[in-house]
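The data below hold one chain only, encoded as structure tokens and taken in the form predicted on its own.
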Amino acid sequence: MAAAAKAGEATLRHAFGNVLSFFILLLIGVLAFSIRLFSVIKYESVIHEFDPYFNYRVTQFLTKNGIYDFWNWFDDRTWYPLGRVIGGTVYPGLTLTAGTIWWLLNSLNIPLSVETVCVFTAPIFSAFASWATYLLTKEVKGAGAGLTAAALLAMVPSYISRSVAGSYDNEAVAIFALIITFYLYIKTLNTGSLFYATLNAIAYFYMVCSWGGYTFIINLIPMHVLLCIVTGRYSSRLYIAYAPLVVLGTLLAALVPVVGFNAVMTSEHFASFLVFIILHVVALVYYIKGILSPKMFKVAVTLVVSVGLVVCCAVIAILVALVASSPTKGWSGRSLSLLDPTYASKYIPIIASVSEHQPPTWPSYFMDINVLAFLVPAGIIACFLPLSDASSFVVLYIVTSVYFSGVMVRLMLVFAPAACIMSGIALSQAFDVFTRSIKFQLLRILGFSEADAGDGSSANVVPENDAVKVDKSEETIKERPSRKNKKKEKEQMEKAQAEKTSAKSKTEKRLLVLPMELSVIGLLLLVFMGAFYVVHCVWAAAEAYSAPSIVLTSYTHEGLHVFDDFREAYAWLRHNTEVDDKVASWWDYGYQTTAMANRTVIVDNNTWNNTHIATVGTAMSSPEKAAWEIFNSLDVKYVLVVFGGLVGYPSDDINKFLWMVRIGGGVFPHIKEPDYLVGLLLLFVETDGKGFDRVRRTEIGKKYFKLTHFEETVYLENFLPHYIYLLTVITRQRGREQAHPAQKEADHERRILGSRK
């Protein structure tokens, strides 16, 4: 009766814990969604940044024309006169996801606009990512650590920066796909279920559809499989977790047009195939070991290893032959930039010119993950107590993501989930130790025995018992071929080992009891740390990451000023120019010009054609006459230039000017960077009058001149004398003598970006 009563009490406690966990997860999802709405509350429901405008335009086309037209869409409004095949050059996961949500809502008679769905896609998937983090961490260290990690991820500033309302970029859904893929891999590794293995391949396929960062997954998982093999942790569960992922996942990845045969032809994927072969060799060795005598086993192993080495060498030779002809050895430019941080600056300046491809500073770690940076080491230590296949995977995840985040600031986004998982484990373990110590001390003060205290904390040894079960399951599967012959002996050994491990874990738990005062202080420090983290995250979401780059604000003694010049300039283009007019600008503004002004652009943010971008960079860094000739050859009618010196906007074209020179000089040798420098660091400007550039902290360039090949069309009020202005290429269809009256005069050695009124 007593045993039945205890069992019933345990079942009730378990059911209550599940219900409580469900409501906590629901609140975490609400928190993840609501904390990302500051941009809508403070500004309006608007698409942010640059790339999201292209994704929004593509989603509009998908919802209007359907999936088949989307796959075959040739966009003649970008990269004039080349154009771009949209269906074969984009990762369609984000677009298809938002389009499906829009279709479902309209099917339910909820008439939301495409823009509204795009704005709120990222906050919705941030809630999904938090729940996926709970599932992943729970597989590693239990439900307590999972809930803590989910709450941390819901608020972490690094993830908020790319998932606020309006941030309609690939990472909005890709981080969820990344975490759920890792969860299903760990789940398959713990259970050996082919069902979860199939779901894992499907999740990987969704990740491939969503973001080019899928190569991180297809390299991290093989690294973990190889680590398990080297450390003697091979099991059939490992085989089931990995083999279907490589076979089915690669076949599905090849169905994505932007990936295609790159899934089997590029160096980023070769590690997975090599580990796939090694895994089969090891699996064959274990199988032979189970059916042969020790003497025959040695002979068979020699044969298998010899054949395996030959096959591996043949595969490596084929791979080397495939990539030998490529200047980059089959690696993409971004991948080489991660492996060699100096590669982009030496050979591909277009990659190095992107701000999010720069290495982060140390303060950016504190800004983006805050106190988690101090909890990660404790979480790594906790993963080794005890070490399992799941915990070794998250350790490998945190180590690799730390390296990549140190190379490219954009990859702080990949590091953030790993930091939250490790910090969740550390906080959960610390809270476990402190509360158990307080309970133990209180029970001892009240006169209860030490055994009662141990029984009261029996729930805290679940992770260790789970680890024992995992080890038992692993040994059972390892010995499956000879299970009939050794069943009784094996059961006795397992029972003895389980009792020994359980006794050892209880002893270790008893050693972790801390004094009452230290435990209370530790709990107060944890609460203070959590409060500080929450305050920082709310501030980051409300102030640092909520402002859309399309709308700018500043505070003066008169109050808040809003600068809406970008949208006003694009609206002017849309209403005052012809539909087939061509607009030239630096590539940053290409997506916005096409989406908001509906005009044809020469280059945009896709940056797939370095020569085309170099041509625009050469025009921007050339004298007026030479610039006119380049733009005229491209059939350009308007040039968009951004100047932020009046109000202190730092991301203007003058700050990007040296990149125009470098990229242009990489293709056209007559453009040399030293010609634009004084000493080593200063951009050359002439000063002959009053006027101050608030960004560069110097007088602006030559101001008293008259344009002869261009005509200034419009400049906007907030950025007087210049913020965004459009220069019309005059007399484009007239003869050369009429088009160039200034040819009779001396050529003015002034540049479009260096000349200011």
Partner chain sequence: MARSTGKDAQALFHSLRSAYAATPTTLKIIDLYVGFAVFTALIQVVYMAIVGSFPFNSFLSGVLSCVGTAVLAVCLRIQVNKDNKEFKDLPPERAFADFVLCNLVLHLVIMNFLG
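Bear in mind the structure is a predicted one, so any value in this text is a computation, not a measurement. Numbering follows the first chain given and starts at 1.
Not on display, but discussed next: the form predicted in complex with the partner chain.
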Per contact check vs the partner chain in the predicted bound form (non-hydrogen atom within 4.5 angstroms), the hit among 297 to 305, 526 to 534, 152 to 160, 660 to 668 is 297 to 305
Does any part of Pro386 reach within 4.5 Å of the partner chain in the predicted bound form? Heavy atoms only, please.
no
Heavy atom of Ser193 within 4.5 Å of the partner chain in the predicted bound form
yes
The partner chain contact at Thr577 in the predicted bound form, heavy atom, 4.5 Å
no
Given that the partner is absent here, does Ile291 sit within 4.5 Å of the partner chain in the predicted bound form, heavy atoms only?
yes
Single option in Leu251, Leu96, Ala542, Val285 placed near the partner chain in the predicted bound form, where near means a heavy atom within 4.5 Å:
Leu251
Have a look at Phe74, Phe261, Tyr555, Tyr403 for me and say which one sits with a heavy atom within 4.5 Å of the partner chain in the predicted bound form.
Phe261
Taking the partner chain in the predicted bound form and a 4.5 Å non-hydrogen atom cutoff, the residues of 225 to 257 making contact are Ser235, Ser236, Arg237, Tyr239, Ile240, Ala243, Pro244, Val247, Leu248, Thr250, Leu251, Leu252, Ala254, Leu255
